[in-house]
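A lone chain, given as structure tokens: the form predicted alone.
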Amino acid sequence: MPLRSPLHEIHIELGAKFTVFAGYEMPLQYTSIRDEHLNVRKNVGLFDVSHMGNVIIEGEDAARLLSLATLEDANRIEKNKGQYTAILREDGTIIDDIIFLHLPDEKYALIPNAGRSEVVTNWLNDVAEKNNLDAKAEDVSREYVILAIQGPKSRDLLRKIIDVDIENMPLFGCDYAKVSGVDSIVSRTGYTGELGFELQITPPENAKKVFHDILDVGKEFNIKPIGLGARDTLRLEKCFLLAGNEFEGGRTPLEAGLSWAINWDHDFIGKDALLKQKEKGNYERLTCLECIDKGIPRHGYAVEKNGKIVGRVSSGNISPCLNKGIALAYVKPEYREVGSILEISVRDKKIRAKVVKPPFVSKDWAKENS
């Protein structure tokens, strides 16, 4: 039996169609994926992302634990700021990519991917024990609802119902706040590539009022509730990774295009393995492919050149903004030159696709297509 968000009954009232993802029954869409997708790009959307995890780390050595277990040196992340990073195994492969928030009271709040909070919590506690660190991770996922307000009008909306200054909150900034009078953790984070904020609310029943209030206040900004279908196409257009797809089979940050997230100036689990891989340089890398021919690339489809398999799609779909197929694929290094033409095997036919620079959709798309 799949788990359900504490807001499940509200989603039924809003006419949601549901899907099961990572053990949760969550809204797939309310109207259509395309309609919801474009509304986030041009206006604002409200997501229930309570299938995502929540892990709290406390203790004198909390920053040391995060620094050892992730690509980031947590000691350099000040209070009220956060960071995107990844947790690695000793061989350099990714256990999960996460965002952690350094809260004002010295706690760290981690947001693992759906279905990964228990694995992440156990891994962190094992690392703390092996290294005699005064730090403990606790999985509190079921105690929180996470709401995401995303889109160019998200700040205008949220400022009407929040009691802290979000006007100058930087990307990955965070704070405690009251939203519609309800205690929350607010962060300038999201999975859409647009201006956006996320709210973590406990206890879960308090989130019902906030959800309704956001939809009510958001009417003047053309808000819509958004399902997981549009969440996936939005992240794909911006080349954001989906853990179950992009890390399948054991991928390293170098392969997954996350070299920019590696802070090499500190020791972390998996660093030696990454240095060796970096020196060799002959590894597959995540590559952006924009389809020339009609067709929908999907996870697992082969990427070919002159009849030879040179890679495989990790994520693919139709881009609602571009009206064409797009894909992330792991491709051998010698076939990744921007402008190169490859072929994706889509069922019984091959469709041509061009290697392009990320992202597929620029930050100015909405202005240029208003």
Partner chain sequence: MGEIRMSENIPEDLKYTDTHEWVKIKDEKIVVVGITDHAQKELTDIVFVELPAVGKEVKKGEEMCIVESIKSVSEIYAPVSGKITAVNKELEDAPEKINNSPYEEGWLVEIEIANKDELNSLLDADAYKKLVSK
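Just so you know, these numbers come straight off a predicted model, no measurement behind them. Positions refer to the first chain, counted from 1.
What comes next is about the form predicted in complex with the partner chain, which does not appear here.
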May I ask whether T93, R352 and V355 all come within 4.5 angstroms of the partner chain in the predicted bound form, judged by heavy atoms? no
Report yes if any heavy atom of R298 sits within 4.5 Å of a heavy atom of the partner chain in the predicted bound form; otherwise report no. yes
So in the predicted bound form, does N43 come within 4.5 Å of the partner chain, heavy atom to heavy atom? no
Hey, in the predicted bound form, is T233 touching the partner chain, heavy atoms inside 4.5 Å? yes
With the partner left out of view, is K305 within 4.5 angstroms of the partner chain in the predicted bound form by any non-hydrogen atom? no
Looking at 340-348, 58-66, 45-53, 306-314, which one sits within 4.5 Å of the partner chain in the predicted bound form if you count heavy atoms only? 340-348
So the partner chain isn't shown here. In the predicted bound form, which residue out of K107, K79, K294, K160 has a non-hydrogen atom within 4.5 Å of it? K294
Using a 4.5 Å cut-off on heavy atoms, which residues of 193-228 contact the partner chain in the predicted bound form? none
